[in-house]
Structure formats: structure tokens, C-alpha cells
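Below: one protein chain in two forms, given as C-alpha cells, structure 1 then structure 2.
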Structure 1
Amino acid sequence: MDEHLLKINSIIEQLDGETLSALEAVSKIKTYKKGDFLLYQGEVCRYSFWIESGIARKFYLNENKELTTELLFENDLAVAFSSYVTQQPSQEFIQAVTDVRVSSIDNSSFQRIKGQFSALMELDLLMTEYYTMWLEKRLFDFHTLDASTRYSQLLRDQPNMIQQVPLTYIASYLGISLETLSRIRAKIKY
């Protein structure tokens, strides 16, 4: 899976000048303050947001509770996937966890240049594949690991995340209540 990231990077590095300038032409830098929304539920996700700096999260509401589906850092791509692909209203919100700086690309523009520059089509596929494998792993983990193990793994794999993101978001990202997370942490702390 990490090799997949290398593959993506190598394609990006090998993009020819023409493709790059086409990309730049449709990209726009935007900034958001902590707490701002990049996308609201019910809105169509017309942009993909490439995070230049800061942290963002995707979440949805279920019975007045927020469920964080993804936490995004520098060089991650923030999109409400289904909405972006179908151009139907999004179930998910995208919100800035810290101040955030993104490079955003409008969907229709990207569709257009994707047809002209085949490297972009390939890139789109590779990035979608990466997200899909990430989703598969997430589903797998929810089925096979208990709350405590999921937390330990996160601690091991993304130790930075726990420091930079409030526990409420971590808890809902792990699919557990804040209280349960707190208890897990109490046990694990030596």
C-alpha cells in the first residue's frame, strides 16, 4: 500500500510541463480558519482539496452525534468521495481542525483536463485505488479489532495524530465514545 504512494509520487514527478500548467490553471489556493467548513452536508462537493498545511477532517452527523470518517494532514486529499464522484449532495462535512491552506481543483475543470492528459486519468485512478485500499483496511479493522487495539494501532501508526487532534475527534474516528477512549487511555498509560 505504501508502494502505491510511491507510484503516485513518481507519476506526479514525471508529469510533463503541459500537464502541469493545465493543472495549475485550474488550481486555486484557499485558506480556512480553524473550525471553518470546506464543505457542508447537503452541498455538492465540487472541489477536491489538496492540503498544503494544517489539519482537516471529514465527518457526518448521526442522531446528533458527529462521526469523523477521516483526518487529513499535509499532502492528503480531502474530498467527500461519493459526492465528488456523483456530484450529488454530500452526507459529509469537511471542516478545518486547525487553520488550513489548500489547493483546490474544481471537479468539472479536472474532468475536462483529465480527458486531455492521460497521465491525469492514471493519477486519478491511482489515487482512487489508494483511498479504496485505505477504506478496505478501515472496514477490516472495525471487524477484527476491538476498541483498545484500534487505538493502540493508531498510536503506533500515527502518533502525531493523537497529539494534534482533540480526543473527541479521535474517539469518533475510532468509532467509540469519548468515555471509552478515555478509559482505554487510562489503562494503556504506564
Structure 2
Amino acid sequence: MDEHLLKINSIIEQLDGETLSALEAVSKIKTYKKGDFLLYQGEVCRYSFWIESGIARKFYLNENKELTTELLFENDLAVAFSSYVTQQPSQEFIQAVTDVRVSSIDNSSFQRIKGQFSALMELDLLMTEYYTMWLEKRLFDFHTLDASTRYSQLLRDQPNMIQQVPLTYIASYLGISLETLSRIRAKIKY
């Protein structure tokens, strides 16, 4: 996956002035306060959100219980993928966990300029592949690693997250109860 990130970064760094101008013309910087929603369940996901700073999460409701599916950090793309692609109502919420600054791009505008600039077509494909690989790894880890190992990996990848993300969200993301997370945390030395 690191190789894919290098390819993505390389394409971004090599975008010519005309492509960058077109991309900037359809991008908007937005800020959201902690607790604000970038997307509500039932809305069509018309924007992709590149997290410039802060933390967001994706979650859905199951029997009135919030189930966190993704924690999104700086340089992550926040999007309800199925809704974004099909332009059908989202099953997910996207919510700011901390104050968040994003670069948002309207789907229809991006589709239009993507057809005009081949580098954006390649970038879109690589980002879709990267998300698919990330999702596959998450699913594999979820089924093959114990909760303690998954928590340790999350801490390794996002060491400052523990001070900013409520433990209930972390437990939900890991697929465990808050009590189990407390037991795991008690065993791990920081």
C-alpha cells in the first residue's frame, strides 16, 4: 500500500499548472467544528473531503446504536464511497471528531474535469485502488487479528489519536465493547 501512496503523491507533485488550476477551481476549503456532520445518513454524498487537519469518523446506525466503520486522519479521504459513486442516499454519516479542515470537491465538477485531464483520471483510479486495498486489509485484520493487536496497530499508526478520539468510537471501530477496550488498555504500556 505504501507503493500506491508514493504513486499518488508522485502524480500530485507532477500535476501541471493547468491541471492544478482546474482542480483548485472546483475545490473549496471548509472547516467543521467538533461534532458537526459533513454528511448525514440518507443524504447523497455529493462531495469528497480531503482531511487537511483534524479527525473525522464514518459511522452508521444499527438498532439505534452508532457503529464506527472508519476513523479518518490528516491526508485521508472522507467519502461515503457507494453513495458518491452511485449518487444514491448514503447509509453512513461522516462526522468531525475534532475541529476539521477539509478540501472538498463536488463530484459532478470533478467528473467533468477528470475527463479533460488524464492525470486526474489516473489519480482517481489510484485513489480508488488505494481505498479498496485499505478496506481489504481492514477486513482481513478484523477477522485474523485479536482486538489487542488491532488496538496496538491503531496506536502505532496514530499515536496521538488516543487523546482526541472518544474511547467509545475506538471500541466501536475495533468491534469490541468499551469494557474490553478498558481491559486491553490496562495491559498496554504507553
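Because the structure is predicted, anything quoted here is derived from the model rather than measured. For clarity, a rigid core is taken as the largest C-alpha set superposing within 1.5 Å between two forms. All residue numbers here follow the sequence of structure 1, with the first residue given the number 1.
K.L.:
Determine, for this pair of isolated chain forms, which one is the form predicted on its own.
P.N.:
It is the second structure (the form predicted on its own) rather than the first.
K.L.:
Core-aligned, is the CA shift for Met161 between the two structures 2 angstroms or more?
P.N.:
Yes.
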